[in-house]
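Structure 1 and structure 2 below are the same protein chain in two forms, each given by itself as structure tokens.
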Structure 1
């Protein structure tokens, strides 16, 4: 953690709201980006940001001053994202079914036959594919895959965070990778 974080956290713990504001300004983007990856929704991610900082504020007294504030906050943000995903899952049951064939058909229709090598090089096209594939993940697949692929968490860690058995986590990740393959193999 940066020296300024250490000092700022100490001030914020003492009740200095300007110091807490500085921490919010320094870290809210990273929390938001993590939350977008985990939830797949900018609106949900904004809620996660709010909830993360509220929790951090409440638990600041329990923060070990030798720990890394960013890491600590990251853990809170992951948990808040998971809480939100769970809450959404309760409301939107049935949304969790994978739709591999449809996704694959879309990928084929978009690429087969009339794809020039130049077009393959277009990262915009690849990015759009990745985004579409991410959007096609179920909430649990997305959370597990985002934590493994983008955040570099181990499957064991992810299982603990998500409250899943190791095998269930593995299979969520496998399904997510399969969807990425179907969407991207024609392009790469």
Structure 2
């Protein structure tokens, strides 16, 4: 049986590097999923995960034990993702999109090669359109949308993660959904 986050955080605060490693192992997949949804890039998501845990380690003394460690960590990940998205806007705006060979390999792994080239092309087009629609969202809208629709978090959890009031969270999600519907209308 694993220790609770509260007990593990207490050990990590005391300098136990194995305890912090346990926190990383316990939460890294969720942070990575969120970062991929927000950044649209597995490489950027890996950077966000590293930055998130680095900041968490440095700020561990500021974590309030009565709070949920996962929520606190999500908030750091959201902020790191937003920072990366803003920095990216100042650099090159293009994303590396997977080529057909990569998509084919992924499809073969999942369906044992029963995917037609036409379906593969359509899948790549849908992925590109969804990513373009996500890119059209503000960083806060993207965070709220990803937490709600990809991660399945409640409005209250999203509010805590983003540091917003409930109505502001609902409004961000509403704006994101509206923008996504408009952008993806030709596909639906």
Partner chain sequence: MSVIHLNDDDLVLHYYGEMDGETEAGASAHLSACAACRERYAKLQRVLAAVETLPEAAVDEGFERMVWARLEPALDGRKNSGWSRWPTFSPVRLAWAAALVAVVASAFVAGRVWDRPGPEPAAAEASAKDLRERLLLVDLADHLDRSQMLLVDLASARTSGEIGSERARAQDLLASTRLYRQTAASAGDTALADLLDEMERVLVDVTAGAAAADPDASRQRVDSLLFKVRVVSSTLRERQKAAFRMRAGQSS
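What we label the rigid core is the largest C-alpha set whose atoms superpose within 1.5 Å from one form to the other. Residue numbers count along the first chain shown, from 1. Note that the coordinates shown come from a computational prediction; the quantities given were computed from them, not determined experimentally.
Engineer: Decide which single structure shows the form predicted alone, answering 1 or 2.
Structural biologist: Structure 2, which is the form predicted alone, differs in this respect from structure 1.
Engineer: For residue 133, decide whether the Cα shift between structure 1 and structure 2 is 2 Å or greater, given a superposition on the rigid core.
Structural biologist: Yes, because once the rigid core is superposed, the C-alpha of residue 133 moves 2 Å or more between structure 1 and structure 2.
Engineer: Determine, after fitting the two forms on their core, whether residue 155 shows a C-alpha shift of 2 Å or more between structure 1 and structure 2.
Structural biologist: Shift at residue 155: 2 Å or more after core fit.
Engineer: So, superposing on the core, is the move of residue 180 at the CA at least 2 angstroms between structure 1 and structure 2?
Structural biologist: Yes, the C-alpha moves 2 Å or more.
Engineer: With both forms put on the same core, how far apart in Å are the CA positions of residue 142 between structure 1 and structure 2?
Structural biologist: Residue 142 C-alpha displacement between structure 1 and structure 2, core-aligned: 4.3 Å.
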